[in-house]
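The chain below stands alone and is given as C-alpha cells, in the form predicted alone.
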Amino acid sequence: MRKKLVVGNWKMNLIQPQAVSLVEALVRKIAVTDAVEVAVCPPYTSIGAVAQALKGTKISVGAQNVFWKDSGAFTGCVSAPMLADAGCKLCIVGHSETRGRFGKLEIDADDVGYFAETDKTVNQKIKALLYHSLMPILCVGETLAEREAGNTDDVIRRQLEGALAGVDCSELGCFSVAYEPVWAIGTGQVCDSKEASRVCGMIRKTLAGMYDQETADAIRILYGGSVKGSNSKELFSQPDIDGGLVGGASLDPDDFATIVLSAV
C-alpha cells in the first residue's frame, strides 16, 4: 500500500528566522505517524536552517528547483549535490511557475518568457536528482485554456513522456508525480475531487503504459492546487490521490497541520 505524502511548497516566502519558527510550530502540532510522510520545501536560503531545525524529526526537507549539472559556470544555479549537502531529501521539478504557466499572474505578462523550463530541462533535472538519490516530485498539469479545449489528458501525457524520456523503471523507486492544474494554483479554485482523482488515475495508467503496472502502482501521485484544511480530507480520500503538494496553506502551521493529519 502506498504511504501518503504531504509536501509544503513555500515558494518565494520567509526569511530564515520565520522559516525556523514555522517548522518549530509545525513539529509541535503534528505527531507524524508511519502512515504519512511530510516534507517542506523552503527557498534555497533557508534550506540549511530548516534542515537543522528538523533534525531528529520525521519531517523531511526538499528544494523547489535544481540545475542538472553537478558544478560549473552556471551563475545563480544550485546543483543536486549541493541540495543533498544542505540536507535535502527531495526536490520539486517542472512546477508550472518555473515553466512560465501561471494560474495567478503576479508579474508583467511580458516577463513570462523569462521562466524557460521545458520538458527537456525537466528530464535532465530528474536524471540528476535520481543519480544523487534525491526524490524528484514531477509537476504536471493543464492551463484553463487547455482544459476547456478538452486537452487535459493529452497535455499531461506529453509532459510525462518528455520528463521521463530515457529514465528506466528501476530508477523510479524514488519518484513521485504531482498533478497541479495550472488554473487552480494560487487562485483559490480547486479541482473537483472526483475529477482530480480521475486525472491522477489517468497519470497512473499512462505510467503503466510507459513502464509496467507494478512500477505505476508503486509511484505516489499527489494533488496540488489550492489544497487547504477544508478540502484536503475529501481529496486525500480519493483512491488515486496519494497526498498533496501544498502551496499557500503550507505557510500556516495550523492549516498545514490539519492537511497533514487528514492524510493519516
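For every residue, the number given is its place in the sequence shown, counted from 1. Just so we're clear, the structure is a prediction, and the values are computed from it rather than from any experiment.
Omitted here: the form predicted together with a small molecule. The next part is about that form.
The putative spot formed by 4, 176 and 243 is not touched by the small molecule in the predicted complex; no residue has a non-hydrogen atom within 4.5 angstroms of it. Among heavy atoms of residue 248, some come within 4.5 Å of the small molecule in the predicted complex. Taking non-hydrogen atoms only, residue 224 approaches the small molecule to within 4.5 angstroms in the predicted complex. Although the partner is absent here, residue 125 sits far enough away that none of its heavy atoms falls within 4.5 Å of the small molecule in the predicted complex. Contact annotation: residue 185 falls within 4.5 Å of the small molecule in the predicted complex, judged by heavy atom distances. Here the chain stands alone, but in the predicted complex its contact with the small molecule, taken as any heavy atom within 4.5 Å, falls in 176-184 among 176-184, 69-77, 161-169, 125-133.
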